[in-house]
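Here you get one chain, nothing else, as structure tokens; it is the form predicted alone.
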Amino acid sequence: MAQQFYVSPEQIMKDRADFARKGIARGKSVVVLGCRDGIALVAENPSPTLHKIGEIYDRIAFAAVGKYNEFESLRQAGVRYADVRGYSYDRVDVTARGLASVYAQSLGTVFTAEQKPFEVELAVAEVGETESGDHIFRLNFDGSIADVSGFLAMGGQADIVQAALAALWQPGAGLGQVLRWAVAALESPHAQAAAGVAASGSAKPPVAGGAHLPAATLEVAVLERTAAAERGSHRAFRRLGDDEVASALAASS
């Protein structure tokens, strides 16, 4: 009789976590940053249709990295949850914290009960009346959730991008400035890789401040803090076109 091998629950969870982390790291990074004008969401994403960033509800946005089909199904579920809750109760009852809790439960259930975990990492952002009222939640593949202050980076070489943001980001900055910080942080893994090649003597080091990511390779959106006053809309989410992104990145201040 064939004997089944015993695998401890700890090893199973570790293997699932390693599998999910490897899948997420193969993608490109996304950053979310608070600013004076709202919350900026910036992704390295050359596709014009397969979005990593999306609108969930009036003042709530969603950003994700990993497998597109998996995080897109979560985004759609979040939109349905928000619509039903807003219709059944009140629009103000739809919050980023409630949505993040629902996502955490779904991700945790899949991670522990299914054979394959979701290879995704999510951010849920809600813009407030002031910068101190902003909320940014980060959700890992295992359902763990964190309330983030100011900024976050996910996917790809997230540690390098997060360290670059920590050195650059300051509260109270304008939208154009945080977009330049976001792109500089997204460029940092490319710059480090190029510097490593240059150190080996096979290439010149990158020029400081040189642009590596053109606007066409970026997906950018903003949750505008004053959308109701300026545009007469309760929907704060707005995508930025390539021309607007390029103009912001080219500005010196």
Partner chain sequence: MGGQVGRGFPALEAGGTSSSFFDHVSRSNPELLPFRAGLPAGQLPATPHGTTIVALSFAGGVLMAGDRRATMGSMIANRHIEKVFPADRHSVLGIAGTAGIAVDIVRLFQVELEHYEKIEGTSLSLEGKANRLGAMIRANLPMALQGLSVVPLFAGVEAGDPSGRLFSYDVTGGRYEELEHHSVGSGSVFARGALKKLWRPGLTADEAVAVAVEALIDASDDDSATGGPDLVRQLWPVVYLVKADGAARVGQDALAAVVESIVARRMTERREA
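Numbering follows the first chain given and starts at 1. Here the structure is a predicted model, which is why all the values come from computation and not from measurement.
Just so it is clear, the following notes concern the form predicted in complex with its partner chain, a form of the same protein that is not shown.
Enquirer: Counting only non-hydrogen atoms and a 4.5 Å threshold, tell me whether Lys14, Ser132 and Asp142 all contact its partner chain in the predicted complex.
Expert: Checked in the predicted complex: no contact with its partner chain for any of the three.
Enquirer: Answer for Lys22 alone: is it within 4.5 Å of its partner chain in the predicted complex, judged on heavy atom distances?
Expert: No - in the predicted complex, heavy atoms of Lys22 and its partner chain never come within 4.5 Å of each other.
Enquirer: Would Ser149 count as touching its partner chain in the predicted complex under a 4.5 Å heavy atom rule?
Expert: Contact with its partner chain, no.
Enquirer: How about Gln170: is it within 4.5 Å of its partner chain in the predicted complex, going by heavy atoms?
Expert: Output for Gln170 is no: heavy atoms all beyond 4.5 Å of its partner chain.
Enquirer: I'd like to know if Ile160 sits close to its partner chain in the predicted complex, meaning any non-hydrogen atom pair within 4.5 angstroms.
Expert: Close contact is absent here: in the predicted complex, Ile160 is far from its partner chain, nothing within 4.5 Å, heavy atoms only.
Enquirer: Which among 170-178, 150-158, 86-94, 123-131 is in contact with its partner chain in the predicted complex, heavy atoms within 4.5 angstroms?
Expert: Correct option: 86-94.
Enquirer: Work out which of Ala185, Val220, Leu223, Ile56 lies within 4.5 Å of its partner chain in the predicted complex, going by heavy atoms.
Expert: Exactly one residue meets the criterion: Ile56.
Enquirer: Within 4.5 Å of its partner chain in the predicted complex, counting any non-hydrogen atom, which residues from 218-239 show up?
Expert: Heavy-atom contacts to its partner chain in the predicted complex: His234, Arg235.
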